[in-house]
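The chain below stands alone and is given as structure tokens, in the form predicted alone.
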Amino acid sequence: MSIKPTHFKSRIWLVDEDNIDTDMIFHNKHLHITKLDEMGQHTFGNLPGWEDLPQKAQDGDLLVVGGNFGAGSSRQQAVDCFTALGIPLIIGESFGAIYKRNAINAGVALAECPGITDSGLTSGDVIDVNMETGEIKCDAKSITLQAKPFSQVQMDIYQAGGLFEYGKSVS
């Protein structure tokens, strides 16, 4: 098993809106798409002002979002589309319960950081994130934030590449 990164220093995209639901993240007209490499281009296709994120985001960029991100249905494409774009970590004020569980189970890195959208960060800023401690820094703006660190179970599932892979390693 390869070790996935627990530290990121990357550019962010700040989507400062609350209650973005899974239909805004990945529109239901694309639910027939099940191949990961075809999902990214449809990310935020139903979120006004953010439809062009797939063309602008670069591999390794991070996403910072508002509260209750991923509210609504349990469509897996709303989680997987960010993996398809090469976004390794989503930091949010909070996440919808089903979305959070689906992302963790898929081995996608989510970090909860209340107050991050009011911190002064803007799209294009580069931040340092330590997933083990939860520390988030933007040296250029002298901002330091504290996200909830990964639990050991969340870290194990993330490192395994998802719950199914984790299950194979402990059985």
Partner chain sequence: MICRDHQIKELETILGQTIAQKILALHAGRAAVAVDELVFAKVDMILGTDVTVPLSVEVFRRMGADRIFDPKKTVLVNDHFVPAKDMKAAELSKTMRLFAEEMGIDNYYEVGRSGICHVLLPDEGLVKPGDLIVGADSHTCTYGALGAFSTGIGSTDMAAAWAIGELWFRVPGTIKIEVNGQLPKWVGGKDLALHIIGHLGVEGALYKAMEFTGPTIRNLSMDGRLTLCNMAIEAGAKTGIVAPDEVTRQFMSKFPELSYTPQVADSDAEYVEEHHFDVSDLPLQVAKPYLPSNAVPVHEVMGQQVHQVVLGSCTNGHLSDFQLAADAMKGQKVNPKTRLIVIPSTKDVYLELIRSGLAEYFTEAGAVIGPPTCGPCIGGHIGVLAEQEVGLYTTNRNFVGRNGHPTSLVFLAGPAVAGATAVAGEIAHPDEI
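Source: prediction; values computed, not measured. Numbering follows the first chain given and starts at 1.
Quick note: we don't show the form predicted together with the partner chain, though the next part is all about it.
- By the criterion of a heavy atom within 4.5 Å, Q159 is excluded from the residues contacting the partner chain in the model of the complex.
- The closest non-hydrogen atom of N105 lies within 4.5 Å of the partner chain in the model of the complex.
- G67 belongs to the set of residues with a heavy atom inside 4.5 Å of the partner chain in the model of the complex.
- In the model of the complex, no heavy atom of Q58 sits within 4.5 Å of the partner chain.
- Every residue in the set D23, N46 and R101 has a non-hydrogen atom no more than 4.5 Å from the partner chain in the model of the complex.
- Contacts between stretch 20-41 and the partner chain, counted in the model of the complex as any heavy atom lying within 4.5 Å, involve D21, D23, M24, H27, N28, L31, H32, T34, K35, M39, listed in sequence order.
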